[in-house]
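There is one chain below, alone, in C-alpha cells, taken in the form predicted alone.
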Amino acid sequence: MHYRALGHTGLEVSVLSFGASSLGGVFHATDDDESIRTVRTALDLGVNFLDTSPYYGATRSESVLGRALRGVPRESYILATKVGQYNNGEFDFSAARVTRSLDESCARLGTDYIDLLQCHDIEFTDLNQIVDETLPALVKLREAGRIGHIGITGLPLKIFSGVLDRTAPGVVETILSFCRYELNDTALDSLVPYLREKKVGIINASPTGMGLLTPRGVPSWHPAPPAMVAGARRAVEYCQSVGADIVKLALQFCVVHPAFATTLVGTANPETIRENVAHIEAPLDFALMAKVLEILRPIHNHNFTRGRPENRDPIIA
C-alpha cells in the first residue's frame, strides 16, 4: 500500500481508503459480522483511512464500524466522520447540533477523538450558515482537541469555492468530492490548482460513479440520466467482452492521480476489499484504458447535480 499526504493536515493516508457507507446497508442488504470482517481485512491490507457518517444507515454505519474497531490500536488508523446530515436526509448544521453530533458519533465509534470531521453534503443548506456558524463551531472543537481537522463534502463542485473563498486559510483543510473524477468524468481535475493554492487536501470518492461503472449497474435511486447510464453500460459491456474488469480499471484510473491523497471505496465484503487492493497494485493496461476512455467520450464530463438551486452545478449532457 502506498500513502500520500492529505493536504497540509500532517496525515499520511493510504491511496485507497475505506468508505463505510456500505456498512449501513446503503447499497444493498448487509450482514454486520461480515462488515466487521471487511473492516479488519482492510486494516490488515494497509488501508488506514476510514470514512463514515451518522447519516449512513441512520447511524448503523458508525455503530458497525465502532464494533469493528474494538481492540484495534487507535493510532493505527485515521478516522473521519461527518456532521449535518441525519436519518433519512434531514439537515441541521447549527452549532449546537453539530457539537452534539460529534459526541454521538464518538459514542458509536468508541473513541473520544475524530481525526477529520466533515460537513456532510453542504449543497443542501445555505452556505452562509456553513461559513458563519458551522465552521466556527468546528474550529472551537478543533481548538479544544476534540477533533484534528475540518473538511467539507458534497457533489456540486461550485460549493467548494463557495465556502473556501469566504473562510480564513486553514479553517477548511480537506474537501471530499464524489462522482466527479472517474473514467467518464474528470471535472474535479480542473479544481486541483485552486485547491493546491488554498492548501486543501483532496479526497476522491465513488470511483465507479456509485455503480455506473460496474457490472451490477446503478441502484434504483441513482440520479444519472438514462443517456449517461447507457453510455457507461457500453464501457462495462466492452470490458466484459474482452475479459477485463472495469472496476479494476476505474480504481487504477483514480489512484494514479498524484493530486488526490486518497480514493474512497465502499464494500461490506472482505473478498471485495482484497480484490480492490490487488487491483491498485496490478500493472495498468494502457491499451484497455485508451479504448474504454474512447467508448466513454460521448458522455465525458456529463454530470448530474443536486442541492439548493444556488448550489447546483450547470448540467452538461
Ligand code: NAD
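What you see is a predicted model; the values in this text were computed from it and never measured. A residue's number is simply how far along the shown sequence it sits, counting from 1.
Although not depicted, the form predicted together with the named molecule is the subject of the following passage.
Engineer: Identify which of A68, V292, V265, A42 has a heavy atom within 4.5 Å of the named molecule in the predicted bound form; exactly one of them does.
Structural biologist: Only one option qualifies, and that one is V265.
Engineer: Could you tell me which one of G231, G151, G162, G209 places a heavy atom within 4.5 Å of the named molecule in the predicted bound form?
Structural biologist: Spelling it out, the residue with a heavy atom inside the cut-off is G209.
Engineer: So, Q129 and the named molecule: in the predicted bound form, are they within 4.5 Å at any heavy atom pair?
Structural biologist: Judged by the heavy-atom cut-off of 4.5 Å, Q129 is well away from the named molecule in the predicted bound form.
Engineer: With the cut-off set at 4.5 Å between non-hydrogen atoms, does T214 touch the named molecule in the predicted bound form?
Structural biologist: Result yes; T214 sits at the interface with the named molecule in the predicted bound form.
Engineer: Quick one: does V247 come within 4.5 Å of the named molecule in the predicted bound form, counting heavy atoms only?
Structural biologist: Flag for V247 set to yes.
Engineer: In the predicted bound form, does N276 have a heavy atom within 4.5 Å of the named molecule?
Structural biologist: Close contact exists here: in the predicted bound form, N276 approaches the named molecule to within 4.5 Å, heavy atoms only.
Engineer: To test your reading of this chain, name the stretch in 91 to 99, 175 to 183, 109 to 117, 134 to 142 whose heavy atoms come within 4.5 Å of the named molecule in the predicted bound form.
Structural biologist: Looking at the partner contacts, the answer comes out as 175 to 183.
Engineer: Note that the named molecule is not shown here; using its position in the predicted bound form, name the residues of 28 to 54 with a heavy atom within 4.5 Å of it, in sequence order.
Structural biologist: Heavy-atom contacts within 4.5 Å come from H28, D51.
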